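Take a look at this single chain, the form predicted alone, given in structure tokens.
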């Protein structure tokens, strides 16, 4: 059961104290407090864990300071959608809104290689009005001899260039708790010119200690990629690990499933699960066409496979696109063959807008027919 309190309730006040005393007396029930601090309001939610099925909603609703009570009706307690649950599905970070209604494009380098390439990428983003990017500093690789990323050494110039070109959020993968500290130190060193969306890659979706560590910190939101060889339910439970530790600013990313049934693509594209994740949870949903397709092959109509699957995800309602671009793909240290080129950025964005308009037209269509049914 989730108990949502009145906005900005005084934690030292009589009403809050009375409420907590009453809840502490419930048998076999533990109370976990979660705060969401916004620019103007502090939202407090209490998670009642244990034998709550017999608790009358009306009784809890009548307690002092309570605004709404939600009885958990699904497997995902914090991030899931529940019956009569009207909580928001959005969050804001560093001036960027993430929700199940918005669409953000994170185009950038899969792996940071040189300052010159980083600056060329960010200059192109600014020219096209984009304020988000991806920049890989830590790169877990299947082959131990492959390039593993420049790590903390590249962060100062990446963050400084982000500030120079107005980049507000950088998606950056982490593979250990130490990486979070290194990112924080580099941001502090450079005057915090940008924000970081911590990315948990597909290989670490079930690294539960990493999930707990990332969940415990609440400064940075999280982009969680689906595990490449596990069920959707298992991956959604990984997101719930993050939220159960306190961080519910989570974006869920579909990136394809590892199976030869997807050949000749790198992975079997799973973007049909975009509306499924939005139905089961309140998380914004990201698609990663680059790591799903893994090539620059074109279909007979001349359109890149990568653009075809991007359009499929956007038409299905995706809220974020994570895509590889590179100023010189032949010189990229990671995944160069699948990276789009900077001159293709305008075309890519225009194609996305066509797909987004199709999605908006489809949602308007269903609403029109619902009113006449």
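None of these values were measured; they are calculated from a predicted model. Residue numbers count along the first chain shown, from 1.
Beyond what is shown, the protein has a form predicted in complex with ligand PEP; the following relates to that form.
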Fill in: Heavy atom distance at most 4.5 Å to ligand PEP in the model of the complex, all of 34, 78 and 244
no
Item to complete: Could you check which residue among 238, 198, 118, 110 gets a heavy atom within 4.5 Å of ligand PEP in the model of the complex?
Response: 110
Worksheet, complete the sentence: With a 4.5 Å heavy atom cut-off to ligand PEP in the model of the complex, the contacting stretch among 175-183, 198-206, 94-102, 230-238 is 198-206
Practice prompt. Could you confirm whether residue 314 comes within 4.5 Å of ligand PEP in the model of the complex, counting heavy atoms only?
Written response: no
Worksheet item: in the model of the complex, does residue 255 have a heavy atom within 4.5 Å of ligand PEP?
Response: yes
Fill in: Interface membership of residue 87, ligand PEP in the model of the complex, 4.5 Å heavy atom rule
no
Discussion item. In the model of the complex, does residue 291 come within 4.5 Å of ligand PEP, counting heavy atoms only?
Written reply: yes
Practice prompt. Taking ligand PEP as it sits in the model of the complex, which residues of 221-252 have a non-hydrogen atom within 4.5 Å of it? Please list them.
Written response: 225
